[in-house]
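First comes one chain, alone, set out as structure tokens in the form predicted on its own.
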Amino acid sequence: MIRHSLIALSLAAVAPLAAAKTVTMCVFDVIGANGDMYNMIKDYALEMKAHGVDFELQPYTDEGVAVGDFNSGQCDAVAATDIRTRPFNRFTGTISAVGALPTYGDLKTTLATLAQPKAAPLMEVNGYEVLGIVPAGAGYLFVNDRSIDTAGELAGKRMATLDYQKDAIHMVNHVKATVVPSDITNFAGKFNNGSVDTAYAPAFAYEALELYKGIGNKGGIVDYPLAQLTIQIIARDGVLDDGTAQKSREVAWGMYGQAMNLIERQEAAIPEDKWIRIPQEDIQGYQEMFRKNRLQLRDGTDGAGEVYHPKMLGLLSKIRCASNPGASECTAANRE
């Protein structure tokens, strides 16, 4: 991080004295300006100075407010989770499709692919452009009772579910759990005070949002990624010219290692006895259940909306099958 920042400052120092373009950005971090994600966006902004862009960052602890202010024109760009930014670009918003990226290796391949210039046309949709994608960590199921370690045992359980996340609501209904509408500012409190039995979040929430309180002595974290969450930087089309927008995506991709170091430290900091390891046969069952749900959320069948972008699901399927060619889905007639 420090090395990158020094390089950026050096490049900025020798750059022509042309005025940098000023771009305001609403930045979500549940911790605010002291949070890890906010600081990562600060590093991104510093790198972008070398490309002639001066980002003015505004921290938000509620991403709904951040996106709302972006929509109302109070900032030129917004950095928030892909769950919130999905309406701006359904293609990149499908990266977090349920169970679609079971490993960080698959995520790395995906983000490397999307940072290439040939992917640029897919970054611009309906007047908005994706300027960068940074990992935020896999989403895991937190439970207040370790016996809740299979989909069947979720039936009847109360699950804190983001009320704007249609795919999660469909999944919760599929396993016959009870949706407890929540948002990113209150789901942790509901889990910690026992209002719900389960919640899903990246590992950072264990300490930052004190989810260890909700886990208590009986609960744990199911060690299988429900989804790969990302922070996506979205701007109105034309805020940056095409060349600078591509540089921006490459700068964000260059931060992958920094982001993953942070995520892996957060996951390693969780005590081993809090993880619930599930057997391989259960993992195969989860994968097939997730795949059926993705197809429903692609096609809008079985009560699901058309949430996922077919092209992204196809890309993610190819990446999964490249890393795990023996998976049954790779020869399925209805492969994504």
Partner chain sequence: MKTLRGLFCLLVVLILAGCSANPIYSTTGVVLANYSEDEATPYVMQMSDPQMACALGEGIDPLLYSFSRVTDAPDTTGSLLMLLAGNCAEYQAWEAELAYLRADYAGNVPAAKDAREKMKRLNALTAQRRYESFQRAMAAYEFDPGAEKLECPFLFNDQEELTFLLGLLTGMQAIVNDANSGAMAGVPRNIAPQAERAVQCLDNEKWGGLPNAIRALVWLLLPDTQPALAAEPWRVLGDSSRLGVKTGMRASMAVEAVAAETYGRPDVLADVIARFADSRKGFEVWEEFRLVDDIASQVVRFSSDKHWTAEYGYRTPNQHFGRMSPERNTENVETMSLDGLL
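Quick caveat: nothing in here was measured; it's all calculated off a predicted structure. Positions refer to the first chain, counted from 1.
One more form of this protein, predicted together with its partner chain, exists but is not displayed; see below.
In summary, among the residues Ser147, Thr185, Gln116, Asn126, the only one with a non-hydrogen atom within 4.5 Å of its partner chain in the model of the complex is Thr185. Here is the short version: of Tyr104, Tyr224, Phe91, Tyr212, the single residue with a heavy atom within 4.5 Å of its partner chain in the model of the complex is Tyr212.
Of the heavy atoms in Asn34, some are within 4.5 Å of its partner chain in the model of the complex. Using a 4.5 Å cutoff between non-hydrogen atoms, Gly254 does not count as a contact of its partner chain in the model of the complex. At a distance threshold of 4.5 angstroms between non-hydrogen atoms, Lys42 is in contact with its partner chain in the model of the complex. Looking at Leu262, you'd find a heavy atom of it within 4.5 angstroms of its partner chain in the model of the complex. Stretch 34 to 42 is the contacting one of 34 to 42, 284 to 292, 65 to 73, 297 to 305, since its residues have non-hydrogen atoms within 4.5 Å of its partner chain in the model of the complex. The candidate spot formed by Glu47, Thr61 and Gln258 lies fully in contact with its partner chain in the model of the complex, as each residue has a heavy atom within 4.5 Å of it. Shown without its partner, the chain has no residue in segment 100 to 126 with a non-hydrogen atom within 4.5 angstroms of its partner chain in the model of the complex.
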